[in-house]
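The data below hold one chain only, encoded as structure tokens and taken in the form predicted alone.
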């Protein structure tokens, strides 16, 4: 079968690899669509994924085969997969902190992923797609769960004012989730014009370009001089992490959803003097079912994020390299592998 395989830094290739076989407690999924995630791009740039790994963790598909001892699932079931499965045995898991699991089974990160014709997944991560949600929109459930989990974990209350830093897919989904959660105003910072325009369309009160606009002055005017109650950092660039400390109101919260691989110098004197809270979250396991419901009910717009749909053969040249090009107009790139496979009900 064909798959996108890591060979090294900025060396991903579409290659022929052996068909995987589901073991006990696993199923084989014929992949319909798989998204290219920001963490996949970080791996492309830095080589943080092991050579030989098949990438891809934002996906939906149809079960092709069930492994031994698998009940309640059968070939033909339409599924979306929670890509981060905790072990249930380590200290964080025993303490109920499943997202902090020391041995997470992560599809496309620690185990072969779904940017391939077929993918193996543990049944513990499977969720059924409801009627009316096709595989294309189903591939956006995983990033939505990340945003939804971050907003749920944050201190945002109805009537609060928030700032989302970075209008990539996670930032745009966080913007919408914050509005659903009752934020009375959500501002966004973004330098890319396509992403900025999309943030405006999806409900941002204002979209500021930090290379051109005075972010401090604009946010002060929008928040009665106090600053946002919660800032969601949804970018891999280091500067917003530094800026957030000076932008959030006293007693406010900075919530980290982005992955910045570079070390960031922080003004921790201001953290202490401002009585600030800095938190972060990994993946969206706890909110995965809710994310499916959000898509099914149309509570957030995931379709508008999809700017490009490409074939598996073009995943590197027209996918990763496109997202690596400034101002390319790309937001969410979906790799179409099997398409809907069955009728989009």
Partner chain sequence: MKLASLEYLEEVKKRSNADPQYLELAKGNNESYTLVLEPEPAQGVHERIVIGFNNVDGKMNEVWIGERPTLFTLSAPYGVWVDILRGKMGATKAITMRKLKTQGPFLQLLQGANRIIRWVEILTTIPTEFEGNYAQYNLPGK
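Note that the structure is a prediction, hence the values are computed from the model and not measured. Positions refer to the first chain, counted from 1.
The same protein has a further form, the form predicted in complex with its partner chain, not shown here; the description that follows concerns it.
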key: One residue of 103, 110, 200, 226 in contact with its partner chain, assessed in the model of the complex (non-hydrogen atom, 4.5 angstroms)   = 226
ask   = its partner chain isn't shown here, but in the model of the complex which of 97, 155, 212, 184 has a heavy atom within 4.5 Å of it?
value = 212
task = Work out which of the listed stretches, 110 to 118, 204 to 212, 137 to 145, 170 to 178, brings a heavy atom within 4.5 angstroms of its partner chain in the model of the complex.
result = 204 to 212
ask   = So in the model of the complex, does any heavy atom of residue 221 sit within 4.5 Å of its partner chain?
value = yes
query = Are any of the heavy atoms in residue 93 no more than 4.5 Å from a heavy atom of its partner chain in the model of the complex?
reply = no
task = Verify the contact flag for residue 247: yes if a non-hydrogen atom of it lies within 4.5 Å of a non-hydrogen atom of its partner chain in the model of the complex, no if not.
result = yes
query = Would residue 72 sit within 4.5 Å of its partner chain in the model of the complex, counting heavy atoms only?
reply = no
Residues within stretch 265 to 280 having a non-hydrogen atom within 4.5 Å of its partner chain in the model of the complex = 267, 269, 270, 273
